[in-house]
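Below, in structure tokens: the form predicted on its own, a single chain.
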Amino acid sequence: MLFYSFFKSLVGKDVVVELKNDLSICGTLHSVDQYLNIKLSDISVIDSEKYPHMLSVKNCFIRGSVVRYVQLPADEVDTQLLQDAARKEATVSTR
């Protein structure tokens, strides 16, 4: 639930999602669910020459199991808070 809560705090921010098929999609995070499925709005494809069929797509839903990486804006991430939350969750799960 740590990552779900973390991504919920980034709704409305611009992110880049790299898929396992090497497609990278930049867009505004619209929503995320407990399976880490991601809905993006106002999308653009990083390599539009390789994926010309994606030029007309403006919004997309990405299944969480096909995501390789999510690149986040560095100034939006509170690393200290994230580390503290990870430590707390780790201690609770080991009990």
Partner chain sequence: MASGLENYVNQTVSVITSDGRNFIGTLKGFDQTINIILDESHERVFSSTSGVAQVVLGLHIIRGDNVAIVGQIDESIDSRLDLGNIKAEPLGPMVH
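Numbering follows the first chain given and starts at 1. The structure displayed is predicted, hence computed values, not measured ones.
Heads up, the form predicted together with its partner chain isn't pictured, but that's what we're talking about next.
**Student:** Residue-level contact is defined here as any heavy atom of the residue lying within 4.5 Å of its partner chain in the model of the complex; does I62 satisfy this criterion?
**Tutor:** Within the cut-off, so yes.
**Student:** According to a 4.5 angstroms non-hydrogen atom cut-off, is Q83 in contact with its partner chain in the model of the complex?
**Tutor:** Q83 lies outside the contact set for its partner chain.
**Student:** In the model of the complex, does T79 have a heavy atom within 4.5 Å of its partner chain?
**Tutor:** So T79 does not count as contacting its partner chain.
**Student:** Please check if K8 has a heavy atom lying within 4.5 Å of any heavy atom of its partner chain in the model of the complex.
**Tutor:** Contact with its partner chain, yes.
**Student:** Judged by heavy atoms and a 4.5 Å cut-off, are V32, K50 and L55 together in contact with its partner chain in the model of the complex?
**Tutor:** Heavy-atom distance to its partner chain in the model of the complex: all three under 4.5 Å.
**Student:** At 4.5 Å, heavy atom to heavy atom, what parts of 3-22 sit next to its partner chain in the model of the complex? List them in sequence order, or say none.
**Tutor:** Residues within 4.5 Å: Y4, K8, V11, L19, K20, N21.
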